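Consider the single chain below, provided in structure tokens and representing the form predicted on its own.
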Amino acid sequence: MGDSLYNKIGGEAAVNAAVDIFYRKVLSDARISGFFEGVDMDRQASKQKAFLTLAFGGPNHYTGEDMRRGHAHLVAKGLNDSHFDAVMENLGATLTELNVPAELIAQAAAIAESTRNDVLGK
């Protein structure tokens, strides 16, 4: 656990900061902001913090749906690879803004990329 990506990037405080910055970026990104209309962003951020904590090797407090079920309604609205790419771009920019080293950003990107097919229902 000591050498997990979660601990290397700074644990809970870093994940919380990253999610807050990430959603500010996402909500101001015209390519993807429409998918968040009517979404309770406090609840969404809380789920995202728990998911990233788990995905990055921290304690598992994630109780949300699996990626495929949780995004099926967005796929029905047209969610596709270009939108996933925009999310990845925003995640990278967020971690860069937080001065996360490039090799750790690459690890985080690989973890996020591993969810692409499930998120997009492929």
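From a predicted model like this one, the values you see are computed outputs, not experimental measurements. A residue's number is simply how far along the shown sequence it sits, counting from 1. Superpose the two forms; the largest set of C-alphas matching within 1.5 Å is the rigid core.
There is also a form predicted in complex with ligand HEM; it is not shown, and the following applies to it.
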>> Quick check on Thr115: any heavy atom within 4.5 Å of ligand HEM in the predicted complex?
In response: yes
> Do Arg68 and ligand HEM come within 4.5 Å of each other in the predicted complex, heavy atoms counted?
Replying inline: no
> Though only this chain appears here, would Leu27 touch ligand HEM in the predicted complex if you measure heavy atom gaps against 4.5 Å?
Replying inline: no
> Looking at the partner-bound form in the predicted complex, is Leu95 within 4.5 Å of ligand HEM by any heavy atom?
Replying inline: no
> What are the residues of 71 to 94, in order along the chain, with a heavy atom within 4.5 Å of ligand HEM in the predicted complex?
Replying inline: His71, His73, Leu74, Leu79, His83, Phe84, Val87, Met88
> Would you say Thr53 moves between the shown form and the other one, meaning its CA shifts by 2 Å or more once the core is fitted?
Replying inline: yes
